[in-house]
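Before any questions on how it binds or moves, here is one chain, the form predicted on its own, in structure tokens.
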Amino acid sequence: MNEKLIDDIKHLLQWYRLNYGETLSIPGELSFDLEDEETAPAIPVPQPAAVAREADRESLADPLKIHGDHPRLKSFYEEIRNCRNCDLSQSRKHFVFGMGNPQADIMFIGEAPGRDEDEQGFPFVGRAGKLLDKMLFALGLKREDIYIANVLKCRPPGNRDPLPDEVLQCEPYLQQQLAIIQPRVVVALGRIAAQVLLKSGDSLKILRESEHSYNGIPFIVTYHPAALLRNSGWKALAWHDLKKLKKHMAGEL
């Protein structure tokens, strides 16, 4: 058995173990416990002592986790972190710029910060973020290997969908982040992020099954981790999407 096949099987078993538990059942054939492996390491996320209430809503998030002391990304963060271009600036607790490796080959893009993200100033730190960590672990990756951002930098009230004007104001920020980081592959997490970035009204199913690029960068569409928490039956489909990411990174696509 060649090393690539062994590696693919290992990652598949990691994926099933992390998402479905210790026992893998095959109806009518056999059932066995997956071999005990090291579980995904917890990603340390600083907990703010209190929520900022000043007029400028200054972020309590560790800046190094946001820009990695990368000169251009740091300068851009300082330039826009007090943005007042839309009404979301009035209700936010934190401006959620992004998080991760400023020289990452892979950039994950979600829709907008949620409640936990708004509280802490980092993207994907709630339950959906923990599942994203597991997805990365199944690929042999960790947060320090990638960069994560959202289409919107501020939480919409009640986690509603982004409004067109909010996207209009915020998407140029994301485009600038992409220009600075220059990832080899972009992964859109969920329908909203994919539709906004691809300027498409297609369903998530069509978007997932089609080939895309964003400003010349290979672009993969998959489920938002929050959707996978609501419907575990989609996790096998998400694994199919992540295998495309593996092939891109291996130079096979």
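Numbering starts at 1 and follows the sequence shown. A quick note: this is a predicted structure, and the numbers were derived from the prediction, not measured.
We do not show the form predicted in complex with a small molecule, though everything after this point is about it.
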Notebook entry, point to check: Of these, 73-81, 133-141, 116-124, 178-186, which stretch puts a heavy atom within 4.5 angstroms of the small molecule in the predicted complex?
Noted result: 116-124
Check: A112 near the small molecule in the predicted complex, any heavy atom under 4.5 Å?
Finding: yes
Next item on the list: Give a yes/no on whether H224 approaches the small molecule to within 4.5 Å in the predicted complex, heavy atoms considered.
Entry: yes
